Structure formats: C-alpha cells, structure tokens
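What follows is a single chain, given as structure tokens, in the form predicted on its own.
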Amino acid sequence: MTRQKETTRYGDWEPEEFVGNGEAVLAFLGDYFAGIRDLPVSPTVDARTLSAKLDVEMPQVGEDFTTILNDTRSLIVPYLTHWNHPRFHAYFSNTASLPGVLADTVSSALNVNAMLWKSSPAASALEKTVLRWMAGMLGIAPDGDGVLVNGASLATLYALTAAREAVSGLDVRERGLTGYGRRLRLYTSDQAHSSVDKAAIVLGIGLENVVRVPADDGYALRGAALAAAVRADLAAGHQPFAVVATAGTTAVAADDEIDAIADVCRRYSLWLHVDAAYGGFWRLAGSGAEAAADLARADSVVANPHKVLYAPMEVTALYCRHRDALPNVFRLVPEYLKTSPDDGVVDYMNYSPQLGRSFRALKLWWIIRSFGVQGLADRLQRSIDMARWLRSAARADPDWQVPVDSTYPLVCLRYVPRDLRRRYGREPVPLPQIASLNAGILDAVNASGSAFLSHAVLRDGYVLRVSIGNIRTEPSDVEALWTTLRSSAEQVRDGRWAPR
C-alpha cells in the first residue's frame, strides 16, 4: 500500500478537499444569511416527528460530504429556531455577526488550548488585550483579574466562589464547609437571574440562604431594602457575605440601585457582584450611557459579548477588582502543567475550574476591529431607537399597555382590549383572563413563523417580552412585528385562532 493511499484511508481530508468542502460550506452559509428573512423564525414540528427524522442508525463507513451538507440543509436548518433571524425577539436576542462567524471558524481550525501561556501564547496575549478593551467599554479598571468564560451563569458561580473564599476565618478551599457554625447568607433581588440560586446550590450555601429581597415598583433592588435584610440576618447570628446586583434584569431589564447597594456592601464588608450580562455593554450607546450604572465599585462584574456585542455563542467576560482573587481560589498546578515564571504571563487555567479552553478571544478581536467602538455604539443605539418606537406605538393604542419601561431595548407589552375593560367596569380584569389572552397571542405570533417572542409574569400579570438586539433587525421588522401582534391579538380575542 502506498503512502498516499494510506493517508487517504486513515488520515484526514487532504488540504485540497478541505478547501473545496469549505467553499461549499461558505456558499451554504451565504445562502442561509441571504435568505434568512424567508425562513420561519421558529419551526412548528412536534418532538416525535423531529426525533424520528434524526434518530437513525450510526454510520459504519464514512459518507460523502455533499450528502452530509445536503442533509444539514434539509434536516437541520428547517427545524431550528433561528436566533440570527432579524425577527427573533425572545429571551435576550443575540446575533452571530459575520466577522464573528468567520473568526469562530478560524478558532476551531487552529484548535489551540488557551489554558497556559505556554500552551498557546498568542491566544493568552490576545485574551488580555480584548479583556482590557472591553473593560474600557464597561467603565471598569483593567488592572484586576479578568477571564473569558462560556456563559454568565458560570461567571457568577466563579465570582461567588471568590466571594466565599474572602470570608474571614472560612477557608473552604482547604477545609470545606464542615464544622462552620454560621449560615452564609447571599443577597439578591427577587428579580435576579436563576444562576444566583444555582451558584448557591453548587457552593453549598443552600437555597434557604439566598435572601431574595423584594424589588421596588420599578423592579429594581434598592439599597435601603438590602440594608434592612442584612441587619436582620446579623441580629439572627447569620454571616452575610455577598450581594448580587443586576444591570438589566431578565424579566423587564431593570437596573438595581447599584451605587446605594455598593454603599451597603462597603458598610458591612460584603462582596458585590454585578450581573451586567445584559446591561453592561449598552452604555456604549449614547442614550444607554446616560442611565448606566457605575460598575467600577463592584468587586466582580460579568458582561456578555454574546448577548450584546454580536459575538457567536459562547463567550462571556468576568472581571474581579481584586487581583489574584480568582487564582487564589482555582489555582492548582500539577507537575505536568508547571512552567517557568515570566513577566506578563497569564495562565488562564488558574482563573476558573476549566482546563481545556477554546480560543474565545479571536472572535472578539475580529468583531471589535471590524466594527470599531463607534460602529458598535451606533448599532446598539439603533436597537434602542427601535424599541422606543415600539413602546410609543403600543402606548398610543388604547388596547395595549406598556406596564414597565426600560432604558434598554427590551419592551414589555400587554394586550387588554377596551371592550374587555368595559365589561368589568370599575373592577380590574382578572389576571388569569389577561394571562390566558396574552399567552394565546404569544402562541399565535410564534406559530406564525413571522416572529418569535417570550414572556414574563410580573406582579401585575403576564407580559409579552420583545427583545431587540439583532444586528440585522431593521425598523421595518419592528413595524411588521407590531402589525403581527395586533392582528394576532384580534384573532385570539375573537376566537379565530387555535393551536395547531
């Protein structure tokens, strides 16, 4: 057997084959993005049918790549919910910008492990650079700890691990929690993300010791309410240790009273972690900067480029103001990973539990360089302007309500038609009836394929959430959404729509 045949049989694709297949993939992706408006935002296929299409026997011999690509086109793409679609408005809408897509492709191809400086110097050096750039965008000092992780939930877990380690007289790293007689208490708003509770579970704090302080009428945590909760726990003999404040809450995109919360944390020596996963980078936009909270006083901050800066999943920035706080928790270097110390070297494996780390910095480098800070700011401001238009349109319609405002491009809407209000006279419309009506509208809009929304339940009832943040979303898309919302509302109200 010749060497060439052996390579063909046992090795990888030849470079020429890779280039040819790569061109086919780029053509496929080009067609996808060019025609994305023609796709339904979300499929209507049921789980059993979809599983039957995909749950086939594992191939025993290799298949032709053209077949694989064609199957991707016919069996995968039609059954995705397209987060890249300009009319995807659910959750916190995000986008894989095309510079980021290409950078992710290059990063995957290079396949380096950014665990040690030595294991891939340029990857670690570039991570330092983009972390410094983004710290400037967030208005925080770049001289503490910083690391790129794969999501805000894990970033919050890592930050709270550092907070727990900072408790005086409690050495969990070496001794664990065994025998510690006081309850560690963690404070956050009743509007905070569920990742706070998950962190408490993992850290051994327990859900009972997550103090969910009621937010105010605008769904923000106030410093005075936090201080009262801390004082009550101290009187009960508990050990307060950390607070999680939020810039851009999940349900309504409210900002907690971060300056006043920071004052409370300083007074009682509590670690302040700010979840700015959504809200952090909107300060780049002119109108976002006006109301932006000061993140510089936080002990740790998480902000999410894959939510706001058009980066493909997954990349999140975690910052800690106290140098070496993260390595003091996570540094554990076995012999085979020991290297000679050198000035300027950062071994990012010491900043989280993760050892195998992808080259996340490359896509941020490409995106920031491709658009520039001003270009990013202009795009973010455009989303804010489109959200303002939608709020204004809804407020002008007597059948719709905007129950809560936000400086961010997240719009909460509720349909309560005039004839329904008249039916109840001076009495409020029952919340279950409003919830049923608006849940039907959500189902109708999403089933139409023309847009995709999510919902939240506030103190005064069910709301539709419209998140505007896709780089491809244009004013005409938001205008079309408003038309779809109103027509769907009429269909549901009149009983002309039913789930398929």
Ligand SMILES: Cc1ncc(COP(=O)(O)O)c(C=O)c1O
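Since the model is a prediction, treat every value here as computed from it, not as a measurement. Start at 1 and count along the sequence shown; that's the residue number.
A second form of this protein, the form predicted in complex with the ligand, is not displayed here; the remarks below concern that form.
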- Query: What stretch, of 273-281, 71-79, 138-146, 388-396, brings heavy atoms to within 4.5 Å of the ligand in the predicted bound form?
  - Reply: 273-281
- Which residue, T246, S124, S93, S300, has a heavy atom that falls within 4.5 Å of the ligand in the predicted bound form? T246
- Item | Residue (of P86, P99, G223, G151) lying close to the ligand in the predicted bound form, criterion heavy atoms within 4.5 Å | G151
- Taking 4.5 angstroms as the cut-off for heavy atoms, does N304 touch the ligand in the predicted bound form? yes
- Can any non-hydrogen atom of S189 be found within 4.5 angstroms of the ligand in the predicted bound form? no
- Query: Is T250 close to the ligand in the predicted bound form, meaning a heavy atom pair under 4.5 Å apart or at it?
  - Reply: yes
- Would H193 show up as a contact with the ligand in the predicted bound form if we use heavy atoms at 4.5 Å? yes
